[in-house]
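What follows is a single chain, given as structure tokens, in the form predicted alone.
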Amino acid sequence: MLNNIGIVLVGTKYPGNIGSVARAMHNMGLDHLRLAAPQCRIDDEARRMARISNPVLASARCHRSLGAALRGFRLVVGTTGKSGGKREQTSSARALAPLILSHAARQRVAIVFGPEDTGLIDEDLKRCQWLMRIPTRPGAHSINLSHAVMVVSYELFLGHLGFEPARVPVLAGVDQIEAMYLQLETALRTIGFLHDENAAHMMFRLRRLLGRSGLERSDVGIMRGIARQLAWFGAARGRKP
């Protein structure tokens, strides 16, 4: 299960944090690290902080964007220290650990962490089916990046000991789901349900709704079929005199 879980860092600014994250991962049995649009390089400081975890750094893969870094994953879990707005539906690391492990028994799962200063932005969060938040005392929500990775990794490591995974579906790939959302948004614009003023908000809500259901390949096919019919209807209506 742990071998199917990847940690994805977005826009990381400090090499020491990358090294510390690698050390936390290694301690808790996680080996797959991806860097999305990093703002620094893996240097001597990163290797010094990683210590015996340098193999995690050596195998880390860098990508130009979060979308590229998520290729190959089927479930994406975003982390956030904020609440409210588009982040109101969050669960704790402890609550999500059994669900993540059950999915990881069958498919690859990504857990995404944002930059040190801002965390994940809305554009990043829209790619995440679930949102995770580490509970803290009131007024002290900011957690060091490597500490946050350690808390989540610890919950996963502790949870996998003697764990019997629940039966879960094999989900559609991230690329398939993104293509579906693009087609769906285009179709909904064609029939006038979406327009420039509400498209971003409504698509985010649709992503939350459909993401929670756990879309399988056949579900994506159904949704794309609906989108094609909507687009056809909208185009036909537009041709009427």
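For every residue, the number given is its place in the sequence shown, counted from 1. Predicted model only: the values in this text are computed from it and were never measured.
Omitted here: the form predicted in complex with another copy of the chain. The next part is about that form.
Within this chain, Ser20 lines the site of another copy of the chain in the model of the complex, having a heavy atom no more than 4.5 Å away. Although the partner is absent from this view, Asp175 stays clear of another copy of the chain in the model of the complex, with no non-hydrogen atom inside 4.5 angstroms. At least one heavy atom of Glu155 is located within 4.5 Å of another copy of the chain in the model of the complex.
Another copy of the chain in the model of the complex comes within 4.5 Å of no heavy atom belonging to Ala36. Partner contact region in the model of the complex: 133 to 141, out of 71 to 79, 119 to 127, 133 to 141, 101 to 109, criterion any non-hydrogen atom within 4.5 Å of another copy of the chain. Checked against another copy of the chain in the model of the complex, the candidates Ala58, Leu182, Met202, Cys62 yield a single residue with a heavy atom inside 4.5 Å, and that residue is Met202.
Counting a residue when any of its non-hydrogen atoms is within 4.5 Å of another copy of the chain in the model of the complex, the hits in 6 to 26 run Ser20, Arg23, Ala24, Met25, His26.
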